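Just one chain is shown here, as C-alpha cells, and it is the form predicted on its own.
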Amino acid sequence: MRLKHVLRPAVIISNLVAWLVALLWLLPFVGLFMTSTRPFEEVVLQGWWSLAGNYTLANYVEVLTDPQYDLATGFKNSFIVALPSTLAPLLIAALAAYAFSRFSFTMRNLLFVTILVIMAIPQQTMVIPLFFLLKSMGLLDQLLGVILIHSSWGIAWITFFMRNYFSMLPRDVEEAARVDGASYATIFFRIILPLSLPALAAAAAIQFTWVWADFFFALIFLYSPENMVITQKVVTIKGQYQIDWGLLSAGSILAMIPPVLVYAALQKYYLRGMAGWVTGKG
C-alpha cells in the first residue's frame, strides 16, 4: 500500500506531462484547420487564431474541384507511388530479414553491416548519381523511377527492423514444421509472416507515411504536371503573387488524410510491432 501511495503522484504527473505534450503537438494542426475553414479576407485581417468569423468548407470544395489545382491527379500519383513502394520492400525485406535471423552464410555479418551503412547515408548525397541513373534508364520524370528509389531505401531499414523482430520469435514451431516435412518457403509464408503481422503493420505504416509525405525526391525526379504527387500539387496552391492561406491549409489537411487513416487502421498492430521491435532490440 505504501508503494502505491508513492507511485500515484508520479503517475499523475507523467500523465499530465503526456497530455501537455499532446496538446502542444496538436496546436499547429488546430491553427491549420481553423485557417482552412475561413475566407481569405478574414485570415489576412484577423490572423490564424481568431475564433470569430464565418466558418465554411468552401476552401475544401474549391481546392478539390478547381482544375487549376488538380489535386485529384496528385492523389492518384501518390497512391501509385506509395502502395508499391510499401508492399514491395516489405516483402523483399522480410525475406532478407528471415535469412539474416535464421541462416548462417558467408559474409552474413558484412552484408548486414552494409545495410546499416546504407541506412546512415543521407538521401541528399545520392541525388546526383540517382538523377543520371534514372536518366540513363529512361525513368526520369516517371513514377516507376520514384517507386524504385523509395523501395530501395525502404528495403534497408525494414530489413533491420524485421530482423530484430524475427530474432525474438520462438523457433520451436519452425522446428516442428521442419520435422513434418515443411519447406522453408512454407514455414516463412504460413508460420513466420502470420506471427509477424504486428511488425509488418508497423513497418508498412511507417514506410507508407514516409513515401506519401516525400517532397524531396518528387521535386527532383518528377516535373511534369501529370506526374506530380500530392506534396507537389499542394505547393502549387500558394499562387504566384499572393498566398491564399485558407486554400493552402485545406489542401494540406486533405494531403494528411491518407497516412492518418493508414495509421488509424493499423494502430493496434503498430503499437504491438514497435513494442516487439524494442524488446527484440534489447
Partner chain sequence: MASVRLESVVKRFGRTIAVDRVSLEIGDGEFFVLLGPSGCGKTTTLRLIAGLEYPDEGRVYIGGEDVTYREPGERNVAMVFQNYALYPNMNVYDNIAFPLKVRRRKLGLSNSDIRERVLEVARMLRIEELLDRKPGQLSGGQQQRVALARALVRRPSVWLMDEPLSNLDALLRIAMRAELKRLQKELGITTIYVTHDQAEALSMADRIAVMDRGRVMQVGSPQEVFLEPRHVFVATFLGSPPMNIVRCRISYSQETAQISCPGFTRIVPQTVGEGEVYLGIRPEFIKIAPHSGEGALRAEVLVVEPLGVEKIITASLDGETQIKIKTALDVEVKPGDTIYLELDWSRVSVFDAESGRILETLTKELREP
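The shown structure was predicted, so the numbers you read here are calculated from the model rather than taken from an experiment. Residue numbers count along the first chain shown, from 1.
Just so it is clear, the following notes concern the form predicted together with the partner chain, a form of the same protein that is not shown.
Using a 4.5 Å cut on heavy atoms, which of Val173, Leu87, Ala72, Met168 is close to the partner chain in the predicted complex?
Exactly one listed residue reaches within 4.5 Å, namely Val173.
Even though the partner isn't displayed, in the predicted complex is Leu143 close enough to the partner chain, meaning a heavy atom within 4.5 Å?
Taking the distances in the predicted complex, the answer for Leu143 is no, it never comes within 4.5 Å of the partner chain.
Quick check on Leu195: any heavy atom within 4.5 Å of the partner chain in the predicted complex?
Leu195: yes, in contact with the partner chain in the predicted complex.
Contact with the partner chain in the predicted complex for Ala182, defined as at least one heavy atom pair within 4.5 Å: yes or no?
Within the cut-off, so yes.
With the partner left out of view, is Ile80 within 4.5 angstroms of the partner chain in the predicted complex by any non-hydrogen atom?
Looking in the predicted complex, residue contacts with the partner chain do not include Ile80, since no heavy atom lies within 4.5 Å.
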